[in-house]
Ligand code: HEC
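Shown below, as structure tokens, is a lone chain in the form predicted on its own; questions about how it binds or moves come after it.
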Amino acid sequence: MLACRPAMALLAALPLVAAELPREVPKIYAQLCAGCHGPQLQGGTGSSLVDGVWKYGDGSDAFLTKAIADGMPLAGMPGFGQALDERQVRGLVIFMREQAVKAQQRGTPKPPPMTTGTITTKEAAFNVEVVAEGLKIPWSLAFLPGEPGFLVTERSGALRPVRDGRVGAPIPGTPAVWSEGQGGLMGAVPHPDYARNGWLYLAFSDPAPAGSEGSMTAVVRGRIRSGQWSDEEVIFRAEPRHYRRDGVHFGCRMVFSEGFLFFSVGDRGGRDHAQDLGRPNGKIHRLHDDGRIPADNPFVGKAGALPSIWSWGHRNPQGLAVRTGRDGGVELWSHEHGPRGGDELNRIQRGANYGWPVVTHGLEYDGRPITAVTSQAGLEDPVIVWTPSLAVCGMTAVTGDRFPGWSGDLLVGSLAGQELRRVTFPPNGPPVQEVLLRGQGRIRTVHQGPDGLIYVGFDNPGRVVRLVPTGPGSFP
């Protein structure tokens, strides 16, 4: 297999020319690569393969062959040498070269234009308005009470103000961020009493301390004074032994509920760690606003368990939202990336185990099975499973009367699926889904602003739009 052979020897052994490109190679690219590198190889979470710019390596055939076979853990790329034969890997390299020439001939592939005019759905009609452009992978938005506009986090580590459609310069003094692979500056959430105390919470991939390697999800809080980040306090930082070199699965979403801060940490590529209560990864955590451990957390006092853990057995939760149920109770919801297939929507319960990787509806990225078990006693079943994966990312619960037909629903974004979905909960029967946006770009984040409008962040191209209602939908 490819993973066992030197890349240069492989290239010499396979003098494949474009005319001999295996017919299945474009399909292989669409199945294994397009979710990260884009359907036209233009880039997404992964870099562009057609612009001639290589963040890692020299872009040679030897480098690309080795990267496809062995993967690049720091960049968050799995290896496919166990699933693809040598001819298929060589075919992928040639396919990339051909597509790069075509891209140069027609110009860099452009993102789809944003839909204009009125979109009519079952419960509402709305316009899509662009409110910010020119961003670099905007991950999250934060609306600060009493202040105009909003803040946006970029994966690179920049925290920028957006006001009246103008994107400001990064706020200086924010934490150093390990911006590699899937890491970066992920979340920004104001304290529920922000108007009084000014606390803003940031979640990010934290570089390992001196003498250690890797990175890990961390949470801090601080204040913005005179345009500068100040008063920083650590809310959550893992022990150095938990930092990992893998560039994948950081999470991280944050939400306040009933005075507590909930935040997600992905498994960081250590899938079995999700079942280890002594590790922070693969968990949703619950803390007081100042980082103290709540006395009623489910694993307080349990030997070997981290007391901040609220739920466990998660893969990579990148959506977290609080909604009010029909009984008036507060519900915490999360969605998470599956591997190849098996994205999940879960209602999060105190102390519950959501099963990863003991149970899953997904496969390895190269198509090999992980397990045949999709449900098991003692493990929580997902409320919704998306197979094939949408690459769910970003979620909000709708409240208020700007979209009265959506009140109480969840809005779910997706990266590879390039969709915004509405999930509604009938009094009887399973949840119902409706696609509100499709094919407008990779959706990274979804928020409801204080004006009641829905704000959606796209990472390629980096822009933020809002949905503005124009009237009721087409159905009574």
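Worth saying up front: this structure is predicted, and the values here are computed from it rather than measured. In this text, rigid core is short for the largest set of C-alphas that superpose within 1.5 Å between two forms. Numbering starts at 1 and runs along the sequence shown.
Absent from the display: the form predicted in complex with the named molecule. The rest refers to it.
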property: Contact of S47 with the named molecule in the predicted bound form (heavy atom, 4.5 Å); result: yes
property: Exercise: L92 in contact with the named molecule in the predicted bound form, heavy atom 4.5 Å; result: yes
property: Partner proximity in the predicted bound form: F63 to the named molecule, non-hydrogen atom cutoff 4.5 Å; result: yes
property: Contact flag, R438 vs the named molecule in the predicted bound form, heavy atom cut 4.5 Å; result: no
property: One stretch from 427 to 435, 49 to 57, 441 to 449, 408 to 416 that, in the predicted bound form, holds residues within 4.5 Å of the named molecule by heavy atom; result: 49 to 57
property: One residue of L287, A83, I384, M72 in contact with the named molecule, assessed in the predicted bound form (non-hydrogen atom, 4.5 angstroms); result: M72
property: The named molecule: the contacting residue among P190, P78, G149, P207 in the predicted bound form [heavy atom, 4.5 Å]; result: P78
property: Is_shifted V50 between this form and the one not shown (CA, 2 Å cut-off, rigid core); result: yes
property: C-alpha of E239 moved at least 2 Å between this form and the one not shown on rigid core; result: no
property: C-alpha of T424 moved at least 2 Å between this form and the one not shown on rigid core; result: no
